[in-house]
Structure formats: structure tokens, C-alpha cells
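One chain follows as C-alpha cells, the form predicted alone.
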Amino acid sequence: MLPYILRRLVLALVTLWLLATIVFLVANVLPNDVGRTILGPFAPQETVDALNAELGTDDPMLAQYGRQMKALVTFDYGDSYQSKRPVWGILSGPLWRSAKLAFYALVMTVPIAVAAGMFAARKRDRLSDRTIVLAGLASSSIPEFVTGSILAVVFGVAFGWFPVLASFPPGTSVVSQLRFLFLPALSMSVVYFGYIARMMRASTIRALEADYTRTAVMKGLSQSQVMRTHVLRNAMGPTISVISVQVGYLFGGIIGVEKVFNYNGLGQTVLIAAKAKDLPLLQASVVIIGIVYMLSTLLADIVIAWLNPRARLELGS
């Protein structure tokens, strides 16, 4: 496992470099004047030029790229162009809020989706199986912001059971925070239920048809023992891989849900930084999301190797 983890870490560093380079190129290729964006359309050109010189945005592209790569190595992105505050001070709040919402959504989604996928596999080609598959396809086909808007109107406005806005005041208790975050977390859970349940169903069917499952049944093990000891451990591998990918997306790709429920998470921070061409804030935000993706996939591979000895042998080779 150790050589595999070291290889993954090296690949992670290369991927972060490519990610930071792509963000830098995209941000600088788009026609925009950073100083003009910050000061507004009516600011004197002399003031705009002075601000660009202060920020270094009028330097040659190679010099700007060198500063960004240095920031990637040292993790020191300096101050935001817009607010003049340290980048990490700005990102700490949105990162924590996104982590809470992502964890809440995963806790709501994963157990139900895994159980539904296993149940559908055991009832293969029956009405209950078709119902779960159809529900999963329908839920994963609807964008999160559409699901969120419907839930907000029905359960927030019509029935008044939950707050429409997810932004809770400081000092709110944990229980009250869960109530504020319930609708956005449910919006994401509805979408990701289909991905996880269908993957779990497919991998469970393969495990049920495997030779080791038939051998366990012929040895006289009960159905619950077979499902728990043999089927579940082998069926969870592909499902864990899907979940690990969704973790990264939950951190930075839920801008629509954050907009609907007025939740200032990492997704909105990326959007605001991109619009303002705030390169230090944008670069740091994207690097954080990349790190979350890589850590989640690395953890998923370690868990899969722990569940499946054959995977451990493949990783070690």
C-alpha cells in the first residue's frame, strides 16, 4: 500500500499543477481589465493603471505565472484583489460551510441509496426493482437547482416546515443548523441517490452471481450472513468510487443549490472570484477543490483495498 500511496501523491501534485495552470490560462485569456473591474467603469485610467501596477496584473504573463506557481508550492496566495484581505481568511468560512453541507448530504444519501441498491438487486426484474431504477434515473436527471427550487416552494413556502434560506445567524445551535440546511442537503441527496443506488444495484448483482456467493450458500450460510460477509464487501468497491467522486463535486460544484438557498459556500466563492477576476482567490479555491477530490479518491482506494484483499494485491503490484 505504501508505494501505491506515494505514487498517488506524486500524481496528485502533478494534477494540482495542471489544474492551477489551466485556471491561470483561462483567467488571463478572457478579455478583462482587473483594475477596471475593481474600480468600476468611471474610474480615471491613471488610477486603473496604478492599481494594475500595484497588483502586478500588467506584468508579463510569464512573471505572473511564476508568482502563481510559487503560491501553489508555498500555499501562500497573499491577499484578495477585491477585498485586500488574506485569501485563506476569506476561504475558511466558505470551506467550513461547504464541508458541513456536503457531509450532511452524504449522511442523508449514502445509507438509503446503498440499501435501495441492494434491495433492488435482490428483487431483480420485479416491480420494486423497476421502481427504484426508474426513481434513480428520474432523480439524477433533474438538476440540483431545479430540485432545490421545487423543495423550497413546497416545503418552505407552501407548508412552512423548513426555512427557505440556508443562511443561519451566528450562535445557532447544531439542531437548528440541521433544520436550516435540510432542504439544500435534500436537494443534493435526491440527485445523488440515483447515481449511488444504480451503481450499488449493478455491483450487487455481479456479486450475487459470483462463484464465492454460490459457494457460501451451498455451505449453509444464512441469507443475511451471505449478504453481509460476501456480497456487501465485494459490491461496495465500485459504489465507494462513485461516492468519492461525488464528495469533490459536493464541495465546489453545487453553485445552483447555494444560489437557490442563499448559502455562501465554496461554489459561490469560486463564481464570485471568477467574475471579479480575483486570481489569488480563484486559484486558491480551485486548488482546495482539487485537493478534496484527490483526498477523497485516495481514501476510497484505501477503503476498497481494506474491504477486498484482491484489490490490495493489485495496488501493491
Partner chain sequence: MDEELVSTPGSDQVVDLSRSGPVTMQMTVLQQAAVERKQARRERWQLLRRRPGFLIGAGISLFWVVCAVLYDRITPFDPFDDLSTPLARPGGEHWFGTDQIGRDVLSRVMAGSRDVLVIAPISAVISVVTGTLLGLVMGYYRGLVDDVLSRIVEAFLALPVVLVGLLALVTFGSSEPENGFLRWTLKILTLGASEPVVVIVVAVLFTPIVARTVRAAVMAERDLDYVTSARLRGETNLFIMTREILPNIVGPIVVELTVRIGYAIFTVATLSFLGVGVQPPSPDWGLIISDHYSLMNGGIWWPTLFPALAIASLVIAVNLIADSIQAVNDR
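Positions refer to the first chain, counted from 1. Note that the structure is predicted; figures quoted are calculated from it, not measured.
In what follows, reference is made to the form predicted in complex with its partner chain, a form of this protein that is not presented.
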property: Site test, V107, F119 and S244 vs its partner chain in the predicted bound form, non-hydrogen atom cutoff 4.5 Å; result: no
property: A202, L137, I112, A99 - the one with a heavy atom within 4.5 Å of its partner chain in the predicted bound form; result: L137
property: Any non-hydrogen atom of L11 within 4.5 angstroms of its partner chain in the predicted bound form; result: yes
property: Interface membership of V157, its partner chain in the predicted bound form, 4.5 Å heavy atom rule; result: yes
property: Partner contact for T74 in the predicted bound form: its partner chain, 4.5 angstroms, heavy atom; result: no
property: Partner contact for P143 in the predicted bound form: its partner chain, 4.5 angstroms, heavy atom; result: yes
property: Listed range touching its partner chain, judged in the predicted bound form by heavy atoms within 4.5 Å, from 288-296, 66-74, 39-47, 52-60; result: 288-296
property: Residues of stretch 155-169 in contact with its partner chain in the predicted bound form (4.5 Å, non-hydrogen atom); result: V157, V164, L165
